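Single chain ahead, by itself, as structure tokens, in the form predicted alone.
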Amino acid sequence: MDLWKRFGEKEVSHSMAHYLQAVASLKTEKGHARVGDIATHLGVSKSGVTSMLRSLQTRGLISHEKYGCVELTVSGQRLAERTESSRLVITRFLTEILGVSEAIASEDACMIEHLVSPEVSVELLRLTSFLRSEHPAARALLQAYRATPHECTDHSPDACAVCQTSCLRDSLVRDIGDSAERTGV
């Protein structure tokens, strides 16, 4: 099967991941999670919560009796924790290593937190930990990275080992500019 077709095969959708995280957060914060609490926490309707809870219960990620509290199953708790951990790792990597703003890093991490494999999250954590360390190689790499120009300088054929014949940055920056124009930034 083509890789792009596997996107829909992830354990949970973006919305499902947020519902699981909301239940986990509410249980920590209030000691319980009810339909109304989840609706308020996520800014959605109670009927929308009820519908999603049915899907999550069918997948074995929560248990819920009508008008009762929502409980995460072991699988649901594990998935909520892994998703939250991935979000934190990605956010830290983007802000502390790449220097992306907190707002953009948080938004991007939220979008990919449930899509990235545990293996990739572990390696991002490992790389972030190393690059934040006092190891001389980490210090040198970060210093060299931060000194690297933000723009490509030459795109004659084979001049850039990454971009090769057309500038990838140009197409990305064009999208940033288009986005800024739409939002008035």
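Every value quoted in this text rests on a predicted model; they were computed, and no experiment measured them. Just count from 1 along the sequence shown to find any residue number.
The following text describes the form predicted in complex with the DNA, which does not appear among the structures shown.
For the candidate spot formed by S75, T83 and R87, no residue has a non-hydrogen atom within 4.5 angstroms of the DNA in the predicted complex. Residue heavy atoms within 4.5 Å of the DNA in the predicted complex occur in exactly one stretch of 119-127, 59-67, 23-31, 132-140, and that stretch is 59-67. When contacts are judged by a 4.5 Å heavy atom cut-off, G43 counts as touching the DNA in the predicted complex. Although the partner is absent here, S171 is not a contact residue: none of its heavy atoms lies within 4.5 angstroms of the DNA in the predicted complex. Though the partner is left out of this view, R54 does reach within 4.5 Å of the DNA in the predicted complex, counting heavy atoms only. Taking non-hydrogen atoms only, S166 never approaches the DNA to within 4.5 angstroms in the predicted complex.
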